[in-house]
Structures are given as C-alpha cells and as structure tokens.
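Given as structure tokens, the chain that follows is alone and in the form predicted alone.
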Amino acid sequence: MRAWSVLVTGANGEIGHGLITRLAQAGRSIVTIDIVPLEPALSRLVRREFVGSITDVRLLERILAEFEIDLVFHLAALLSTRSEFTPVTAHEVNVEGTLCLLEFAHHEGESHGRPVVFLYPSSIAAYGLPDLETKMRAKRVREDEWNTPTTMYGCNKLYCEHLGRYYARHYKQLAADTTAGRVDFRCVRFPGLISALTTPSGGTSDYAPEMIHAAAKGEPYACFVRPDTRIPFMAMPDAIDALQLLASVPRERLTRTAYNLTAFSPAASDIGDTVGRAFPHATITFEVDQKRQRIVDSWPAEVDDTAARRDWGFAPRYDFSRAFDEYLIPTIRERYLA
C-alpha cells in the first residue's frame, strides 16, 4: 500500500516555507505544487515536487494516480494587491483553482474510503465594513458578520469558504446516493501575517513588515496608511501552529468550517514607534494611499476568535511585544547584517 502523503499547493510562498519545514520535522511525506521551482533548501525536504498550476486538471490527475493524499494544505493564491489589477486572473486562480483542488480531494476521499482533510487559509479580506465609523463601532467582529468584501481577493476567499462548506456538508445533495463528507474542509481566516524569514510581497497589510525591512536596510519608509489604522496581525510561527493544530483535531470537535484567528491589533503608529526604538536612525513617515487606505478601513480592527479557542485550543504564543522584540526585529536585523 502506498504511504499517506500531504499535498501543499503554493508551497514556495510565505506560509509554505514554514509549513514544509514543520511537516518534514514531523516525518510527513510531502508532495508540492507551485508555478515556480522550490528553493533548494525546501526542495530537499519534499518527496515530490511538481511545477505547474493548480488549474491543470491533468497534473492533479497525475498526483491522484501516483499518491495517496490524506491531507491538503491549499496555500496557492493570487494575493490582494495583484488581484485588484487582474480580477479575472484572480478568479481563475483563486476560485477555479480551489474548485479543482476540492474535486481532487473528493476523488481522493472516494478512492481510499476516508475523508481527506482540506486546510484552506482565508483572510480578513472576506470582511467588508462600509465606513470607518462602522468599523470603530463594530469592535470584535464574528465570523458571520459583515461578510461583504470590497476586493476581488476578499470575494474569492469568501466564496471559496462557501465552496468548501458545500463539499463538506451538501455535495450533490439531490443525488440518489449523496457522497458529501469525502472532503473534511477546515478554514482559518488569517489576519495580516508577518514573517521574519521571507520578504513582504506588496500585500495590502504588508506595511508592518515593510517598516522593519526598510529600517534594517537603513532606508526611509513611507507608510501607505494613516497612523491610527488598526487591523489584526499574527506572527508567522503562530499561523503555522494554527494550521497544524486544526489539521489534527477530530472532526466531531469542530462546530464550524471557517474560523477567525487573531493575535494582536496594533495601530500603524504603534508599529512605527516599536521599529523606531529598535532602529534609532530609521526614518518612517506616513504618506496615505487613499485607495489602499479604503481597503484596509473596510477590514475589522479586531476579530472574535472565541470559536477557534473553544473548539480546537487555538492560543497564539506571540503577542505584539514578543512578535516584534523577540521574533521579527532580531531575525530581520540579522538578515541584513549577514
């Protein structure tokens, strides 16, 4: 019998770097898909690397024939900023690609008679508050509130959350012999993620890591949001912990298919002050990009992650101080001293 394997899509991205390292440490057999080859340090950790698109059905059929996949981490996506410039491409990658992966997981579940656990990282972009006054009044937003995203990326993420719930609970519900449940879909709605090991990629929440990288390089930084801007964030190690923990929880303990996560919600000025103390010669200014500001203002200042803490024991290790003082700033500083 072939050994069980984990499939990671978008493996060369920010989350993929940390996740593959953790999975390899746990002894998992890893299969990856990305449109670009993995970095050598990552490639050595995987059993099989496929270079290609998640929309390539023939590629997925090949993996289906060669491997017994029991766990999927579907990380591949066109991110928020680029999705606004190319909305049709974003839909093709983010929605049609996810649909291909859900079908793949369903067929895997049918072939070996066991549900395939499907981990899907969604985003606070799935929310859409109409104005700043409403955002301030909303306080800690729950999963089913303000689900009216204003970006293509947010629309894609929210719809794919619904697709996953459909495959898990309602798939072909009018068929004589329904086969719902072959996909055990589990979704986390991530806040802004900050990694010390990868460079920011121009995402709408990347002003936080961009400040640190610019300061560490001795370059001035003009923050594109107001000093009082506040959204939830999380350090990347906590994001990896959350994905692994949710993947391991028995399905009967889960009351939802999509869960909010959060760790800290600093104002942009708080981040600037912290970076300034660590790098006294840093030059951080605020030059608001009104278009990007409107997007960030449509996201909650805080989210309610009670369900994740209750159902599967989510508990981030890094608060604001620890994330910056112990993880982000020392690691990024070392990167540019090397």
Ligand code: AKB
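Start at 1 with the first residue shown and count on from there. Since this is a predicted model, take the numbers as computed values, not measurements.
A second form of this protein, the form predicted together with the ligand, is not displayed here; the remarks below concern that form.
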| property | result |
| --- | --- |
| Single option in L79, L71, I240, C223 placed near the ligand in the predicted complex, where near means a heavy atom within 4.5 Å | L79 |
| Contacting member of T98, N156, S205, N260, with respect to the ligand in the predicted complex [4.5 Å, heavy atom] | S205 |
| In the predicted complex, V183 touching the ligand (heavy atom, 4.5 Å) | no |
| The ligand contact at I124 in the predicted complex, heavy atom, 4.5 Å | yes |
| The ligand in the predicted complex: contacting segment from 116 to 124, 86 to 94, 159 to 167, 173 to 181, heavy atom within 4.5 Å | 116 to 124 |
